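Just the one chain here, laid out as structure tokens, in the form predicted alone.
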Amino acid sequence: MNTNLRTIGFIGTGIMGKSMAGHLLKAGHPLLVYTRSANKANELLDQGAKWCSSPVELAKQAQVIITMIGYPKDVEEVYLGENGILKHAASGTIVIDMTTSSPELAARIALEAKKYQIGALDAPVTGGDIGARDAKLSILVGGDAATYESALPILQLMGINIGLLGPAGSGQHGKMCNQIVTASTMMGVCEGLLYAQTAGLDANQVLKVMSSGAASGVQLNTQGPKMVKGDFAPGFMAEHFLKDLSIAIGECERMKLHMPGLIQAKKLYTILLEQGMGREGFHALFKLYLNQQTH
């Protein structure tokens, strides 16, 4: 048996987590999984993963623990609660939170982990369900260099563009940069496509020509065709994007930064959720633009 194949515990096997965990399993790592909705782990269990009934059970057996869960409150509970993984993992364990969460919380987790001689990284990702499926995620990492170097071979099984951005919390700050850019870009894609349709143009043909021009980019080229087609299935849910924007605004307020595009995006996504579209893809913002034209 290859002794470099560490036992990995993976908490959270949703839209992205399932694919990410699958890559670790395919690479030969013994894989333990826990998720609140047990049926979401069935595919991994069929491939040889072992189910754990709680984060505590998982923490006691894993050498590396990865979390990909929903909200900062969930992250705080899973790491710092009485039944959290830090109180039950062995010294020398590495914990990697790949959830998009609060930079302050990431720093707090790292500080607490150090008390237990546990290495901690915050490593949120970007690339959506397609990047997760193809193991081509970009991974923004915060933490100490030694822990990063130890964890890098595992991160490389899930992503292709990986960087240590600084101490604990830096990965989350980097993800906020990504979401700030994405927020205004999504508004631009919606407005460009709405203009094309209103002007009587073939939106798909417009997208084809724009795809190699100055406006080209991942959101235009990936989400644009889905918007035109009316396919709003979630690769990344709108409610999770609003969570990210709320974290970003909180950090901007703390740093006394005024971000008009970010503020407007949060307003629009708040309305989107109020209209019951929170669990659709974040590109469902286009539906809001269309609806607003009829009122």
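Please read these numbers as outputs of a predicted model, since none were measured by experiment. Sequential numbering from 1, following the sequence displayed.
Heads up, the form predicted in complex with another copy of the chain isn't pictured, but that's what we're talking about next.
The stretch in contact with another copy of the chain in the model of the complex, judged by heavy atoms within 4.5 Å, is 260-268, chosen from 56-64, 260-268, 23-31, 36-44. Contact annotation for the candidate site: 12, 19 and 99 all lie away from another copy of the chain in the model of the complex (no heavy atom within 4.5 Å). Taking the partner from elsewhere, residue 251 is found to have a heavy atom lying within 4.5 Å of another copy of the chain in the model of the complex. In the model of the complex, residue 173 approaches another copy of the chain with a heavy atom inside 4.5 Å. Residue contact check for residue 117: none of its heavy atoms lie within 4.5 Å of another copy of the chain in the model of the complex. The shortest heavy atom separation between residue 145 and another copy of the chain in the model of the complex exceeds 4.5 Å. Residue-level contacts in the model of the complex: of 83, 216, 150, 156, one residue has a heavy atom within 4.5 Å of another copy of the chain, and it is 216. Only one of 202, 134, 112, 77 lies close to another copy of the chain in the model of the complex, with a heavy atom inside 4.5 Å, and it is 202. If you take 191-219 and check each residue for a heavy atom within 4.5 Å of another copy of the chain in the model of the complex, you get 191, 192, 194, 195, 196, 198, 199, 201, 202, 205, 206, 208, 209, 210, 211, 212, 213, 214, 215, 216, 217, 218, 219, in sequence order.
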